[in-house]
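Form predicted on its own, single chain, as structure tokens, below.
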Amino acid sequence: MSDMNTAMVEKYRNSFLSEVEANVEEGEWVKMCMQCGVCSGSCPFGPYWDHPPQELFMMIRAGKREAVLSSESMWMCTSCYNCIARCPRGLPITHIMHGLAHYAKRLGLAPKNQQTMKFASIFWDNLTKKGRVNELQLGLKLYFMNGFVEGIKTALCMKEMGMSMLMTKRMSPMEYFGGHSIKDTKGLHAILKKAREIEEAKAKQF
């Protein structure tokens, strides 16, 4: 093999595609996309994506690292799974989208103030405290995630539902300070800490 060919092979091995395969959930499937566009046509939010899934996959293969990881596109995925159900090759597109979003956030490259990312962060922080969601805390934080004024407006719009939940004992103000917990929260936190350490070690390779 010539020096030029060797250099090309090494460049390919160190490409963004290899990074995605190593760090993104189901990332090894990206190279299997045949660019048919069925995923984009099947997505309810298809017209609103900056880069639909098949375009993101092509950008990954083209080494467009910054453009992909700073994109809002993968944050648009709502996990409806239409794309997976209809993909001719059965690519786990939903998983890849969430994997890309998670990887971009971990690297600090995700777009700032993105609404879905805000929701995901608030939900994750709530869930990991005790291993179960505190619905009252979660709801209030989501109401106010875009500021105090927006939170008050949202609360007023939802006041009838809130009162109904209180009257039927589906919600109690005391839940805000308590809530359900799994038996071994320390074990859960240890698992999550170890997972973060593994992910950070992988990220340093790139």
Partner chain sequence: MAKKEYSFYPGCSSQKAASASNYQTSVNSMCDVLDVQLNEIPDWNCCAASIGYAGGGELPRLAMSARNMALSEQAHPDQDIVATCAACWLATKETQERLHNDGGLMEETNKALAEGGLTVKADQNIRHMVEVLIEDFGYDALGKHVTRPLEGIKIAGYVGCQTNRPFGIDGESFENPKYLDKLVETLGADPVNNYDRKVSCCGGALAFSEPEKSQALIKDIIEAAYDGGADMIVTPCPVCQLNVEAYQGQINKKYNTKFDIPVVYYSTLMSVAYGKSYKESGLDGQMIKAKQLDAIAKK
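The term rigid core refers to the most C-alpha atoms you can superpose between the two forms while keeping them within 1.5 Å. Source: prediction; values computed, not measured. Numbering follows the first chain given and starts at 1.
If you look for the form predicted in complex with the partner chain, you will not find it shown, but the lines that follow are about it.
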key: Non-hydrogen atom contact residue 177 with the partner chain in the predicted bound form at 4.5 angstroms   = no
query = Is residue 85 close to the partner chain in the predicted bound form, meaning a heavy atom pair under 4.5 Å apart or at it?
reply = yes
message = With a cut-off of 4.5 Å between heavy atoms, is residue 157 one of the residues that contacts the partner chain in the predicted bound form?
response = yes
query = Does residue 152 make contact with the partner chain in the predicted bound form, using a 4.5 Å heavy atom cut-off?
reply = no
message = Residue by residue through 86 to 119, which ones have a non-hydrogen atom no more than 4.5 angstroms from the partner chain in the predicted bound form?
response = 86, 95, 98, 101, 102, 105, 114, 115, 116, 117, 119
Residue 163 C-alpha shift between this form and the one not shown of 2 Å or more, rigid core reference = yes
task = Could you tell me whether the Cα atom of residue 150 shifts by at least 2 Å between this form and the one not shown after core superposition?
result = yes
message = Using a rigid core superposition, assess whether residue 172 undergoes a CA shift of 2 Å or more between this form and the one not shown.
response = yes
